[in-house]
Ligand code: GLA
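Listed next as structure tokens is one chain, alone, in the form predicted alone.
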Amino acid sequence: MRTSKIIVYSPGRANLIGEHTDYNDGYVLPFAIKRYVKIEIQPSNVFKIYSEQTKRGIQFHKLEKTNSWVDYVIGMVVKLMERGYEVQPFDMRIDSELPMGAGLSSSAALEVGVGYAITKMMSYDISRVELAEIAHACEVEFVGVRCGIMDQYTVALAKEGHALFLDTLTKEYKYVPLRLDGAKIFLIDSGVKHELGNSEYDRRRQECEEALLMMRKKSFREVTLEDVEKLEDEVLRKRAQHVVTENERVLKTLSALETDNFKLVGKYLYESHYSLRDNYEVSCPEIDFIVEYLEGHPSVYGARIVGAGFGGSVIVLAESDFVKIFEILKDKYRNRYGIELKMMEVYPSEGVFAHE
């Protein structure tokens, strides 16, 4: 075990395209961003955690749920130990530049970062795939959020300058260069997060499972649009249509990126958004206002809601003069909703890493 302090940087995640497909055996195309959860760790006599955000510390002796953000840390200790990794007590300080609720996967960044920090402290040689799997088990089994594997895989495995094409059925992945000469990726934080998000997320999962049952299919990878059209329930038909067409859009986006065809990529982003709005019904008026405004500008290639939905962020692929367009949008949005929009330019980042 190492006795010196270790500092870990764990990135947030943006998803270019492939939304609500990761828990449906689908394709996704995310990338890590250069905004981080920073974790400092060193051995201690007792488990201690301090958050720079809340300015509060906590000590714990029992590895039990607290129903707070601390469960992301305790859960990683529990899941590592379940896999046979001894975890000695540690003193951990956590700081973050990732906004909560903005759809940038701050929870996965925390889980993967904590796991990586612990394994570094304990001198374990653990693969990044195993780290991602442990973090996913933490979120699903300990914290209790039935998410897919996209976020944890991205935070653990991402490569600078690349997106991660991930098949969530087989868990095969490959790196896709994001050659953004003449184009940039921006994230606009809408400043809203509607409370119904978590319950509706679970409902969407349930509806997808019901749709598969009705179509007598084991996986959406076996489903065609012809199968979808035969569904009599309109809601289930719309949910299934989004999943099937979104998988197609991910594959089309892959092809468009090979030739750096940003206009085509942008087209698929808009199509993804309107499917998420109309078929999956996870958008909201504030987000729709942003996307519809941007669609009228020729220097914006494409935009869509990103993350679980019901608020959060919009991902935008645009030319470098987008800042001017954003300033006008910011005024219009403030006048309509009384909320100050925030924007950041994002760059495809390396996955979790340490400074020792």
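Everything numeric in this text was worked out from a predicted model, so none of it was measured. Residue numbers run from 1 along the displayed sequence.
Below: the form predicted in complex with the named molecule, not depicted.
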- Any of the heavy atoms of D22 lying within 4.5 Å of the named molecule in the predicted complex? yes
- Query: Do Y201 and the named molecule share at least one heavy atom pair within 4.5 Å in the predicted complex?
  - Reply: yes
- Query: Taking heavy atoms only, is A308 within 4.5 angstroms of the named molecule in the predicted complex?
  - Reply: yes
- M150: touches the named molecule in the predicted complex, heavy atom cutoff 4.5 angstroms: yes
- Task: Would you point out which of 150 to 158, 213 to 221, 231 to 239, 126 to 134 contains residues with a non-hydrogen atom within 4.5 Å of the named molecule in the predicted complex?
- Result: 150 to 158
